[in-house]
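Below, in structure tokens: the form predicted alone, a single chain.
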């Protein structure tokens, strides 16, 4: 069984995010493997340990993206592909899916896993677009995976509870970060990751040109970054229960007008 996991390197959201003149300040930021993708890697490794699957990682990004791939390899993935080219900086969902479509063309796999969204943009579009380009069955927001009778059993979080779907192979599945707790790479895993294959892939290797990628990127654009507006300070009401209820009801009906 062959499982591919699409990964992305993103800013560490635990750090202080700085915005200046509508632009994200990347200097001094630490970059990490996207949390949703880390859950994909963990789930793929669970299936590997259970069924003997081969787990391959794929990442689009600059030289620093190798660190995210190394983490996945240290967790236990078998090999990785790093798609890197100057034209691939700051890709939108449509362009990223187009590049991944070219990568997967002609490859054999049982299913592809991606995080349901990236924690930097939170768009949640690339997986769905990729499934359409590859003409693959698609399910999103998975919180559990298994394999039975050559079918992928997917537990996904629906609006009214957990839903169970049986998907044919090959399929594409996007995963929630509520799926599991990704393992922390051991020292042995970190050392072993340095010997695992990581193949560099260019646009030329994929049969794409910079103009083609630029055309896809122009289908959407990021205007600017901005911090959420500051909230007004809340009001503190004091008094006995009768006074509190009367004051609150007055504010809800006359000021907030929600009643």
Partner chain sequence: MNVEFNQDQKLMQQSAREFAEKFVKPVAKKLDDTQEFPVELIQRAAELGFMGVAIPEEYGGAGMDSLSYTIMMEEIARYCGSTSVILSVNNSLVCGPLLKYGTEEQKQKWLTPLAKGEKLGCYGLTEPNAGSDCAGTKTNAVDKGDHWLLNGAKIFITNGSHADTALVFANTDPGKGNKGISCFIVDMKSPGFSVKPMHGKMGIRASGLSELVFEDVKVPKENLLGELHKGFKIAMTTLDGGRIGIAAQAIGLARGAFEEALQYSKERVQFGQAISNFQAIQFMLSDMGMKIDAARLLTQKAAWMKDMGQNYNQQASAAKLYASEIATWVTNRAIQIHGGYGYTNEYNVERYFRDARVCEIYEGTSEIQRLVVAANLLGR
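What you are looking at is a predicted structure, and each value in this text was computed from that prediction instead of being measured. Residue numbers count along the first chain shown, from 1.
What follows is about the form predicted in complex with its partner chain, which we do not show.
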{"item": "One stretch from 45-53, 199-207, 63-71, 218-226 that, in the model of the complex, holds residues within 4.5 Å of its partner chain by heavy atom", "value": "63-71"}
{"item": "Interface membership of residue 149, its partner chain in the model of the complex, 4.5 Å heavy atom rule", "value": "no"}
{"item": "Residue 162, heavy atom within 4.5 angstroms of its partner chain in the model of the complex", "value": "no"}
{"item": "Proximity of residue 32 to its partner chain in the model of the complex, heavy atoms at 4.5 Å", "value": "yes"}
{"item": "Contact test in the model of the complex: residue 186 vs its partner chain, heavy atoms, 4.5 Å", "value": "yes"}
{"item": "240, 252 and 257 each touching its partner chain in the model of the complex (heavy atom, 4.5 Å)", "value": "no"}
{"item": "Residue among 170, 182, 76, 92 with a heavy atom within 4.5 Å of its partner chain in the model of the complex", "value": "182"}
